[in-house]
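Here we start with a single chain on its own, the form predicted on its own, put down as structure tokens.
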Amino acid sequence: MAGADPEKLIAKADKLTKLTLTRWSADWRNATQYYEQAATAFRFAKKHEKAKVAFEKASKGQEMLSSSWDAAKHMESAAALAVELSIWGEVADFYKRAAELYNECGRAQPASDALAKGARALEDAKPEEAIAMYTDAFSLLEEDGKENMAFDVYRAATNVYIKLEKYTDAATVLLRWAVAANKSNALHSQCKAYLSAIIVYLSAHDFKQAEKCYNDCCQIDTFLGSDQGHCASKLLSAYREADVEEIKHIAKSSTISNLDHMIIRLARKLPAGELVPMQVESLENEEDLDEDNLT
């Protein structure tokens, strides 16, 4: 079949899947082979639109043959071509469908990877959709007990939220990342995520929430005795004293310089807004600490 005309292959495959008076059942096995050969030929010829359609049909064929894994792979190929064509609605739909097919095989990791690929492609064109897909991606890994594989996905989701200046949502993802890090025994990553969340709250001009977050995190001994915990303590003290120079100095510290770039950029812009000295409140006046959400 090498060198066969892909247009003719598609026509032959389509004919095999249509029922007639003389064909009472579709021949999906041969049709799928034709669709796959046509898709490869179209892609090699850089006919992206036709290749995309052929991969969609090949995916459907593999589904009909009860091969969810191969169907998912073809759907991912169609999705990648939709990215090349900037058909963003199809990008989301195809990668989501690929994830569903991988899930049918009981494969959470490739399902999550498919969602993350789609999210990355959509970050600029459809950021809200990208966030939803990132959230689904790390949720799949959490449900499968593979939180240690989700760190890059948490990072990517946080980055999009920060770009959209949705700081509270960004902090929420960082705290979720900290929980995942704790479950994965990645204690250094846990402490970095806590400090990052505090910096994000400060970037949102929400000192009260930053301080509450710090107090909650300090219930975790690992954070309390860490470089990140000490850095957060110094940073909040400088805020209480409205010491702009000290805030800027801390923002350039090695502890903060070892955080993710998106957090470093926020920290280097601190303090955000006008500062006034604040009276330190005792922990007795703080709201009850919610320890359940920290580990």
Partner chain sequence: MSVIEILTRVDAICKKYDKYDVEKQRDLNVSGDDAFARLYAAVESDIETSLQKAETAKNEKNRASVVAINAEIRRTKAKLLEEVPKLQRLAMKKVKGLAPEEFAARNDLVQALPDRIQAIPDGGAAAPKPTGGWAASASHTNNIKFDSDGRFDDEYFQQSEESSQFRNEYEMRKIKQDQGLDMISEGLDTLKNMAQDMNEEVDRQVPLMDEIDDKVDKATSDLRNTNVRLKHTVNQLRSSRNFCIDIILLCVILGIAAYLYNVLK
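Numbering follows the first chain given and starts at 1. Worth saying up front: this structure is predicted, and the values here are computed from it rather than measured.
Beyond what is shown, the protein has a form predicted together with its partner chain; the following relates to that form.
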His188: touches its partner chain in the model of the complex, heavy atom cutoff 4.5 angstroms: yes
Exercise: Asn258 in contact with its partner chain in the model of the complex, heavy atom 4.5 Å: yes
Contact label in the model of the complex: Lys192 to its partner chain, heavy atom within 4.5 Å: yes
4.5 angstroms heavy atom contact with its partner chain in the model of the complex for Asn148: yes
Which of 130-138, 196-204, 89-97, 220-228 lines the interface with its partner chain in the model of the complex (heavy atom within 4.5 Å): 220-228
